[in-house]
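In structure tokens, one chain follows: the form predicted alone.
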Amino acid sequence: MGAGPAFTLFISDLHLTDARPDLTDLLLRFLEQSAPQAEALYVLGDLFEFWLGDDTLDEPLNASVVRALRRLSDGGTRLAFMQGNRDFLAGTGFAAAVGATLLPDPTLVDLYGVPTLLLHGDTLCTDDVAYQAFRRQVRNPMVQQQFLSLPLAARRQQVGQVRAQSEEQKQVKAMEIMDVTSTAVDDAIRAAGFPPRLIHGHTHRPARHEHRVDGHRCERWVLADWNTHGEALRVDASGIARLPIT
């Protein structure tokens, strides 16, 4: 870590895939140059476009990312990982390989004296009823066990079919449906005991929002996706700033 004030970094929604080697290269530079200066790095889901199971750790893309994350955690930067809607099968095997703590969704942490609620963000999009039903299905441990028992080629084929269907559905869904709902945000804040800060990704709509719930104020920070450029959220004792990744 650097000699300056302690800070923590947050990223999400990189959607790493063999089709975008530029994004993988961007992440690797970030993990080598910027992230080691932080005392902690939180990855709040969708690091990968898809994750077929922890038995794919040795695949070239996965292995390169795992090695870089492991170097970071071995170097003294605490690493925490929360599953997203694309890589929810990245489990204990992945976490152990990279030296990360696997976080439940949601998780409440203390960041320099500020209670902060962390989520991937998809649970807040409750207007998308079809997606929430799909999420409940694929998060069922029995469904996951059945999927992971399939040969890798069969898993890859199923994921490809699901992704194609998802892209088709996005074309006919109103954009508002795929964003968070105010009632879901309020409920999450209330359930967590009214933390003054919330950080999540998923929606690909980076912004800062203010909420008032039952007389309590909460700022909600939405992480950026990495489709066009990289970005991390930098949090320290003085506040929050967006950090471009180049």
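For clarity, every value in this text was computed on a predicted model and none was experimentally measured. Numbers follow the displayed sequence, beginning with 1.
The form predicted in complex with a small molecule exists for this protein as well; it is not shown, and the discussion that follows is about that form.
**Q** Would you classify Val159 as touching the small molecule in the predicted complex, given a 4.5 Å non-hydrogen atom cut-off?
**A** Val159 belongs to the contact set for the small molecule.
**Q** Determine whether any heavy atom of Met178 comes within 4.5 Å of a heavy atom of the small molecule in the predicted complex, and answer yes or no.
**A** Taking the distances in the predicted complex, the answer for Met178 is yes, it comes within 4.5 Å of the small molecule.
**Q** Counting only non-hydrogen atoms and a 4.5 angstroms cut-off, does Trp221 reach the small molecule in the predicted complex?
**A** Trp221: no, not in contact with the small molecule in the predicted complex.
**Q** Closest heavy atom of Arg163 to the small molecule in the predicted complex, within 4.5 Å or not?
**A** It does: once the small molecule is placed as it appears in the predicted complex, Arg163 has a heavy atom within 4.5 Å of it.
**Q** Among the candidate stretches 30-38, 187-195, 45-53, 207-215, which one is within 4.5 Å of the small molecule in the predicted complex when only heavy atoms are counted?
**A** Heavy-atom contact with the partner occurs in 45-53.
**Q** Are all three residues Asp128, Val143 and His202 in contact with the small molecule in the predicted complex, where contact means a non-hydrogen atom within 4.5 Å?
**A** Yes, all three are in contact.
**Q** Just to confirm, with a 4.5 Å cut-off on non-hydrogen atoms, which of Ala95, Leu103, Leu111, Leu89 contacts the small molecule in the predicted complex?
**A** When the small molecule is considered in the predicted complex, the option within 4.5 Å is Leu89.
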